[in-house]
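The chain below stands alone, shown as structure tokens; this is the form predicted alone.
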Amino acid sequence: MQKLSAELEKRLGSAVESMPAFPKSVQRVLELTRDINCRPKDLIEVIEKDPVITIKVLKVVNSAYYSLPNKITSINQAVVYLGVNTLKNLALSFSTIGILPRQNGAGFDIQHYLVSSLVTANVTRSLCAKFAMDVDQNDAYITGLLLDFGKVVFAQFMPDEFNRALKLSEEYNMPLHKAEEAVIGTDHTLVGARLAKRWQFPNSLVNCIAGHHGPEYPTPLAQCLHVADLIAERLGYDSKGKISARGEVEALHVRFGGDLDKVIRELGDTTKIIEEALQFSQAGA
């Protein structure tokens, strides 16, 4: 990656600082779910204090997607049907959706990006459950969800440059992070990692975001994230970033056996992953 000029450092710092803070209620939810002694009651109490998230969770649980026989009217009831992990992921997803800008001057498709991020989060969690069982599935989902948030920062605060990078990537079939380096002087992995650090996520997650385009994937979570990126692209949800075939071979070589199609088959019915992502994105809008 190119050395950053003082002017670019200043612009990136200003952009990251201008992004909304991550909701304290969801930070508390994440803290609770990392505690093996966490009680569902504790989680419910935190979510119930956030009326926006509460309304959106109830919207999802009462949707046709779950087709429950009776209307759910409280978070306490919702956790019975959804489980703690799904409830936590809903809260995290809705908070992330709330931070996304409705419009941007770069012509970046925020709705497609959102669904892509939710798909990547679900795929990352599923990959870790099958291929890296020592990785916390909560961390897998969070990192997959926030993986490409640096693109949102570029779209919002460097729209002209990011638009040129998008066009360069499309015209020359170039990985987007390479086009960003050429046009902006850095890529979305750096600014995304800085934002995740500002939001006080663990260094292990920050490092995965910073290095998710390689060339090395030193941890099981990093490997699962890269393969999730490839699978999301294969499913049609790549959040406007092309990935090189060389990276695919490297990431799949040991842990995943070198066959992306086989890995996808082992995930089962991927339409469910997409349907859930679409449902979450619509409820969070």
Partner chain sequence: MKFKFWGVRGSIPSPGPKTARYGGNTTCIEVRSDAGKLIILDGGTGIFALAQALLRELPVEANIFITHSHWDHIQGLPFFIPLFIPGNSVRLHGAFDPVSGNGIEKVMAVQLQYSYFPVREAEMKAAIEYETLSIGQPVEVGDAVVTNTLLNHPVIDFGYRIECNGKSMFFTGDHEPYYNIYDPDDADYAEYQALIDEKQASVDAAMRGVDALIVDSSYTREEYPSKKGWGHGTFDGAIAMALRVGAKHLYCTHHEPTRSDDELEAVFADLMQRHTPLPQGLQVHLAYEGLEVVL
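A quick note: this is a predicted structure, and the numbers were derived from the prediction, not measured. Residue numbers count along the first chain shown, from 1.
The same protein also exists as the form predicted together with the partner chain; that form is not shown, yet it is the one meant from here on.
Asks: The partner chain isn't shown here, but in the predicted complex, which of 230-238, 212-220, 22-30, 58-66 has heavy atoms within 4.5 Å of it?
Replies: Residues of 58-66 come within 4.5 Å of the partner.
Asks: Is the gap between V79 and the partner chain in the predicted complex 4.5 Å or less for some heavy atom pair?
Replies: V79 belongs to the contact set for the partner chain.
Asks: So, N89 and the partner chain: in the predicted complex, are they within 4.5 Å at any heavy atom pair?
Replies: Yes, N89 sits close enough to the partner chain in the predicted complex that at least one of its heavy atoms falls within 4.5 Å.
Asks: Does any part of S74 reach within 4.5 Å of the partner chain in the predicted complex? Heavy atoms only, please.
Replies: Close contact exists here: in the predicted complex, S74 approaches the partner chain to within 4.5 Å, heavy atoms only.
Asks: Is there a heavy atom of N85 lying 4.5 Å or less from a heavy atom of the partner chain in the predicted complex?
Replies: N85 belongs to the contact set for the partner chain.
Asks: To verify the annotation, which of these, K167, R198, K130, H112, has a non-hydrogen atom within 4.5 Å of the partner chain in the predicted complex?
Replies: By the 4.5 Å heavy-atom cutoff, the listed residue in contact is K130.
Asks: Output the sequence-ordered list of residues from 113-128 with at least one heavy atom within 4.5 Å of the partner chain in the predicted complex.
Replies: Heavy-atom contacts within 4.5 Å come from R125 alone.
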